[in-house]
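In the structure tokens that follow, a single protein chain appears in two forms: structure 1, then structure 2.
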Structure 1
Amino acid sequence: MNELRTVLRKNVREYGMYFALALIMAVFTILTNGRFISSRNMANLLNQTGYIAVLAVGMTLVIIIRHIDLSVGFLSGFLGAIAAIALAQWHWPAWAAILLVLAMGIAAGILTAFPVARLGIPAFVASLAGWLIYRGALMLVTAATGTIIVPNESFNAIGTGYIPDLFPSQTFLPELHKTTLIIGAIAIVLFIIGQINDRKRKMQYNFEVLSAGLFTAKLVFISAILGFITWILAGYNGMSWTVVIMLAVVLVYDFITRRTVIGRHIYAVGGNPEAAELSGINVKNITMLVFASMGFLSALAGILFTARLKSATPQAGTLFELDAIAAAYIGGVSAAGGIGTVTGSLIGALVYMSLMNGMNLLGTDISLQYVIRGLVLLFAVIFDVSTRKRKS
């Protein structure tokens, strides 16, 4: 028990958001008489979380290097509108429209980064200029027709479709999506193997690790959660393409940040830019790379949102940047830079969207919802500052 208290105290930032997510889900499950935890609502919640989680991953990296990007919301809306125009008016195939929008997103990220990295202009100012530019650009491209309906079903399936069940059966668990169950089982096995290998590597270099008992309890607990989520999703159409894309982004970026030289450089720049520069890291190039990545993920979020609505609207992207920033902070990224994880940003997005989803199910007034969301963000920042002071 003493070891458990010590572990929780040392990792309060990491474990706090998991407790927050569990508490929010438990409270809303009780208040909605189980509707919150139903298969249908869980599937909708994850689909709603998709584009915010993708943005939050990129925003986490931006905040880690001590910057901010306010342009990502309307950039997502604008690029989603470009995709809709390419599909509805230019009659492009879905793959071509997607490639165009992703390339434009990378270019937009580089344009935002240039005055920041090369001219020393604060990212707040440079990205605020982008916020205004993309807001105007979105209004311009949608001015003629207003809402642009996307007729391409292949594109729309990205936001509304589900992976096919490769093993349909009317006799064995006919009400469940078997492919989703198999994917969930594989994910649990890979998670356990990865955790065991990671623990072995730490022990080889004499790093501190959990005792065998606590480590086993951690594996059982997280595996049970993954299994429960898999079972819930399998009960309603299975896993959506939005969830597949969201998880792919998280896995790729988690690998980059934890296992590659670029990832170590990103954290080094966030921890101390001057020391990173003196150690041979090109801070300007890292800044350009992170903002280019943010532009790419903004484009991907725009695609997910447009495909989900099957249309592009003049209001698309409104407050997306604030939702992404909130999710990143709730997920444990530090306002001081140098601290934060990709998986944390995913949990932060789930906490934030679970809060919104639960309030909508309860019929909470929209004005009160904004107040509660603001208080949650404020608490996350206060929690960050207090934990850093405690460690220092």
Structure 2
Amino acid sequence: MNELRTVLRKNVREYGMYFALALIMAVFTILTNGRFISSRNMANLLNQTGYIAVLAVGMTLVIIIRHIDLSVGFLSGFLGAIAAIALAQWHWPAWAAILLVLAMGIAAGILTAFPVARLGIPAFVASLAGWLIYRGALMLVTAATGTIIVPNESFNAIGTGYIPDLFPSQTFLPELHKTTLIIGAIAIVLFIIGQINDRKRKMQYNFEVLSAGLFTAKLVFISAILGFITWILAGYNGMSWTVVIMLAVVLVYDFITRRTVIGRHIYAVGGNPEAAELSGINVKNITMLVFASMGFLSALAGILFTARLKSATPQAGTLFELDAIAAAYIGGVSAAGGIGTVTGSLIGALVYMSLMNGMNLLGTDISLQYVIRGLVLLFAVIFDVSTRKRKS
């Protein structure tokens, strides 16, 4: 019990976020008589979260290295429109349009980074210029046609389709999506094996580990949550492609930030750029890299959003950048730089979108929705700052 208390206290910030998410979900579930937690709505919520989560992951890295990127909203809108034009007017295959747009995203990121890294222009200004430019570009490419309908079904599947069920069966659990169940089961098994191996290796080196009891409790608890999510998703159409892409982005970025040399470099640059430079880290290159990744993820978000609407509009991407920034802050990234996690930002995005989704279900007035979102953002950051202060 004592151990549990110290572990909780040590990670109060991290667990606080999970707790907040659980609380929000529980409250909406009760208020909507269970409609919120229904398979159909959960699938919808996750699909809505996709593009914001993808942007928030990129924004997290940008904020960690003490910058900001305001251009990402209209950049994804603009790139989504380019994809739509490539598909609708040039009749490109989906993969070619996607590759083109991703490459353009990387180029756009580097373009924003250039004045920031090489000339020392504040990122706020450089990306504000980008915001204006991409907004203009989006209006320009959609000026002739207005909304561009995307005719390509395989492209649209990215935003609206679900992974196929490889084992359809009318007799065994007919209501559920079997492939999703299997993926969920594999994820749980991999998670448990990974945790056990990790613990073994730590014990080999005589590092501190959780006691056997608490460790088992943690495994059971997290497995149960994974199982529950899988069950809910399997109850509708299964996992959507959006969810697959979102999870892939989060897993890859989480791995990069926590386990690789590049990740350490990013945190070092955010923690103290001068010390990082003198430790042999090329701060300019890291800055370029982080903005390039932001551009790449903006393109991906643009693709997800366009595919979801099956069309590109002149307003696409409006305010996405602020949603992503809010999600990152709710997820615990620090404005002073050097602190923040990718998984945190995923949770932040989920908190943010759960609020929106839940309030929409309740039919809350849109003006009130904004006020509540603002309050939640404020509260999250206050909580974050105060827990961090107590720690140091």
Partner chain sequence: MSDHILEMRHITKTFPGVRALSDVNFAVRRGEIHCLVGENGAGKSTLMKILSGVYPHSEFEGSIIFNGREVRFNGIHDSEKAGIGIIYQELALVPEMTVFENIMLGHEIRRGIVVDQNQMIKKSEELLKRVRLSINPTMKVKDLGIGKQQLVEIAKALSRNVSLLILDEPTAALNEDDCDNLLNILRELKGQGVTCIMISHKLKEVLSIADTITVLRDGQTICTMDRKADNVNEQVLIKHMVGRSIENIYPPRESKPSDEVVLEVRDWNAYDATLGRKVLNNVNFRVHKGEIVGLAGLVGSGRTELARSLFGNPDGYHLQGEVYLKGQKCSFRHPKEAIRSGLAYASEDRKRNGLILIQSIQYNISLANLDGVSRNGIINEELDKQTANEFVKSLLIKTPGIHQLVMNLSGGNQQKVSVAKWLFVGPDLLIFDEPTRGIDVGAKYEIYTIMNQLVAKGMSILMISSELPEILGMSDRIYVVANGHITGELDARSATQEAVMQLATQY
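For residue numbers, the reference is structure 1: its sequence is counted from 1. Take the two forms, superpose them, and find the largest set of C-alpha atoms that agree within 1.5 Å; that set is the rigid core. Since we're looking at a predicted model, the values are computed, not measured.
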Checklist outcome for this item: For the form predicted alone, pick structure 1
Checklist entry - C-alpha of residue 200: shift of 2 angstroms or more between the two structures, rigid core aligned? => result yes
